[in-house]
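Quick setup: one chain, the form predicted on its own, written in structure tokens, and binding and motion questions come after.
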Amino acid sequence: MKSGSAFDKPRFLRVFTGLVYVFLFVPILVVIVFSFNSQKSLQVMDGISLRWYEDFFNDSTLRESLFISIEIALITMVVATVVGTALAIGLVRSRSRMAKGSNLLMLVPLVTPEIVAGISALLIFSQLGIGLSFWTIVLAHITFSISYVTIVVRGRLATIGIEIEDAARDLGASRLESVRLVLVPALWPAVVAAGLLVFALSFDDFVLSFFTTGEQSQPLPVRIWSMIRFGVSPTINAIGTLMMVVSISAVALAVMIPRFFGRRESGVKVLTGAEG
């Protein structure tokens, strides 16, 4: 085959990329469009209306699930961000031989199928005799999210030399003060970005929530699944659109965070732990 064959030409690659984007985003666009349909139809668009959004906000059960999802995501964001940041600092600054192995272990939750994590959480709670509730969902989300925070903050921390902490200690600061007063402020963009990413992941997570949800306190993704079992309603489109807006807003804010702190680094690279 010649090196200049049609397969190798940029035109083919652009067409292929375009088809992939169409496959990924057209179904989402259909959901958004039909969430504004004035008729109870998932096939025929007949006018623009907000009736399905009104139905959502007028349904006390769905509102309760929305608030539960937000509460779970907020608690997960705070706890996972604190624990993940501390873990990242410990892994990067540690001089022990176990640090390299521990860094590799941080990747395990990211490559483990989420259904495996959900089943594992369910088995652990069952073996310990813990009834499924709001807090079992929170614990499962926190456990799954810590790795995301650790990897994002670790990538940013790797670009910060230990010299600034040594300089702080030379000026009289203790080890804890050098971390609190020097290192943590330098990590703020990555810490906040990681927290917002965790919020987005927790807010729309279904698998972990499904396996750790009890009879009460059902988050919104689980509530949607329960509704779909009895038929698809245009209200589902409205709920899905709102959830997507919340998640995209959180990720977009995470990408823009470095600019808010007056930093020049790429928000995408900070978020993916690739900065530097």
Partner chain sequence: MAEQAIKIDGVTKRYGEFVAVDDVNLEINKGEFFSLLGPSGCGKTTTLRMLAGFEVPTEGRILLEGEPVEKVPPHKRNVNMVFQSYALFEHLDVEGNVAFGLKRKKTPKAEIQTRVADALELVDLSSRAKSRAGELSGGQRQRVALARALVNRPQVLLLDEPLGALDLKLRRQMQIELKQIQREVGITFVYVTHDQEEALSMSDRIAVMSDGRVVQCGAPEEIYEHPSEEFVAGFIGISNLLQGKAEGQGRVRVGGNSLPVPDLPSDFRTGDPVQIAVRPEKVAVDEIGNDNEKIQPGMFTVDGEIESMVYLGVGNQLTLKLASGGRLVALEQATYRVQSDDQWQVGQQVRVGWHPEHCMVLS
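Positions refer to the first chain, counted from 1. Everything numeric in this text was worked out from a predicted model, so none of it was measured.
A second form of this protein, the form predicted in complex with its partner chain, is not displayed here; the remarks below concern that form.
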Notebook entry, point to check: With the partner left out of view, is Leu181 within 4.5 angstroms of its partner chain in the predicted bound form by any non-hydrogen atom?
Noted result: yes
Next item on the list: Evaluate Ala168 for contact with its partner chain in the predicted bound form, applying a 4.5 angstroms cut-off between non-hydrogen atoms, and reply yes or no.
Entry: yes
Notebook entry, point to check: Would Leu74 show up as a contact with its partner chain in the predicted bound form if we use heavy atoms at 4.5 Å?
Noted result: no
Check: Does Thr159 reach its partner chain in the predicted bound form if we count a contact as any heavy atom within 4.5 Å?
Finding: no
Notebook entry, point to check: Mind listing which residues of 171-186 have a heavy atom within 4.5 Å of its partner chain in the predicted bound form?
Noted result: Leu171, Gly172, Ala173, Ser174, Glu177, Leu181, Val182, Pro185
